[in-house]
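Shown below, as structure tokens, is a lone chain in the form predicted on its own; questions about how it binds or moves come after it.
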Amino acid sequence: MMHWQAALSGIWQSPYLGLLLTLMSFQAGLVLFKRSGSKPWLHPVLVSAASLCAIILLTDLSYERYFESANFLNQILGPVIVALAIPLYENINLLKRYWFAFVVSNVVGGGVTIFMAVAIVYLGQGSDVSVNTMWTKSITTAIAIDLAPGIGGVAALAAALVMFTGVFGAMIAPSLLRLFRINHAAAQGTALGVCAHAVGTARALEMGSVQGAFAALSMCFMALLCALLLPFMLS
């Protein structure tokens, strides 16, 4: 018994505790997701995030220590994003064929979803900070947290909005695509990339290479477009 207690204590004090907890919680979420028949409310990202929050709130593990011990995952985000070029390369001919529809759908779809979200917060008498932060909801996290303070928002709130948007979008996207009979792979990927950015792109890659390619490109396109336009629009 003493050996098990010593082993558990050693793991809890490990400088890689956050990395271990993140991988274990995501793997548990993945198992639950598959065994449930891909129920949207058991999406691996949602399960992992909820379980990690519970651990931090219910134990003496601080967020600062968790983040520091899981920093390796944060460092490899760059190479992982670069790896999205693989499905883009594999589907370059389709991207060339649908380039005009792709640009129009990103500009119109992205514009509508952002303006609707901002309008809801504004009409709900949200603060100026909340309204300004909401403009970043359809940008991937890395850009949103840098852009938000420059347009009068809050980086932490922007990160939360982006994460919520991505997870919620990935959860309901399959049902909405079936409901509206959107069966075209390029359209499915574009919708996920525009509305649910990084998490949506991960979901699109599960659906297929074409969906993943268009989702990845949409995510990058929206991030670039918003990063260039929002500072001028809100200045």
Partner chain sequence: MLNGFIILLIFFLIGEFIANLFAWPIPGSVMGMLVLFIFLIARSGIPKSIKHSSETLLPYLPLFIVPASVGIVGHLYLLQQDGLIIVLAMIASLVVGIPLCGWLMQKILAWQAK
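Quick caveat, the model's predicted, so the values are computed rather than measured. Numbering follows the first chain given and starts at 1. Take the two forms, find the largest set of C-alpha atoms that superpose within 1.5 Å, and that set is the rigid core.
Just so you know, the form predicted together with its partner chain exists too; it's not on screen, but the next bit is about it.
Visitor: Which of Met207, Leu42, Leu177, Ala202 has a heavy atom within 4.5 Å of its partner chain in the predicted complex?
Guide: So the residue touching its partner chain in the predicted complex, by this definition, is Leu177.
Visitor: In the predicted complex, does Phe33 come within 4.5 Å of its partner chain, counting heavy atoms only?
Guide: Contact check for Phe33: no, nothing within 4.5 Å of its partner chain in the predicted complex.
Visitor: Indicate whether its partner chain has at least one heavy atom within 4.5 Å of a heavy atom of His184 in the predicted complex.
Guide: Result yes; His184 sits at the interface with its partner chain in the predicted complex.
Visitor: Should Asn132 be counted as a contact of its partner chain in the predicted complex, where contact means heavy atoms within 4.5 Å?
Guide: Residue-level check for Asn132: no, no contact with its partner chain.
Visitor: Does the 4.5 Å heavy atom contact test between Ala28 and its partner chain in the predicted complex come out positive?
Guide: Heavy-atom contact with its partner chain at 4.5 Å: absent for Ala28.
Visitor: Determine the residues of 132-163 with a heavy atom within 4.5 Å of its partner chain in the predicted complex and present them in sequence order; the list may be empty.
Guide: Heavy-atom contacts to its partner chain in the predicted complex: Met134, Lys137, Thr141, Ala142, Ile143, Ile145, Asp146, Leu147, Val154, Ala156, Leu157, Ala159, Ala160, Leu161.
Visitor: Superposing on the rigid core, do we see a C-alpha displacement of 2 Å or more at Leu179 between the shown form and the other one?
Guide: No, because once the rigid core is superposed, the C-alpha of Leu179 moves less than 2 Å between the shown form and the other one.
Visitor: Rigid core superposed, CA of Gly18 - does it shift 2 Å or more between the shown form and the other one?
Guide: Yes, the C-alpha position differs by at least 2 Å between the shown form and the other one.
Visitor: With a threshold of 2 Å on the C-alpha, tell me if Leu84 counts as moved between the shown form and the other one once the core is superposed.
Guide: Yes, the C-alpha position differs by at least 2 Å between the shown form and the other one.
Visitor: Quick one: Pro87 and Cys220 C-alpha atoms, closer or farther in the predicted complex compared with this form (3 angstroms or more)?
Guide: Pro87 and Cys220 sit closer together in the predicted complex.
Visitor: Pin down for me whether the Phe72-Ala204 Cα distance shrinks or grows in the predicted complex relative to this form (closer or farther, change of 3 Å or more).
Guide: Phe72 and Ala204 sit farther apart in the predicted complex.
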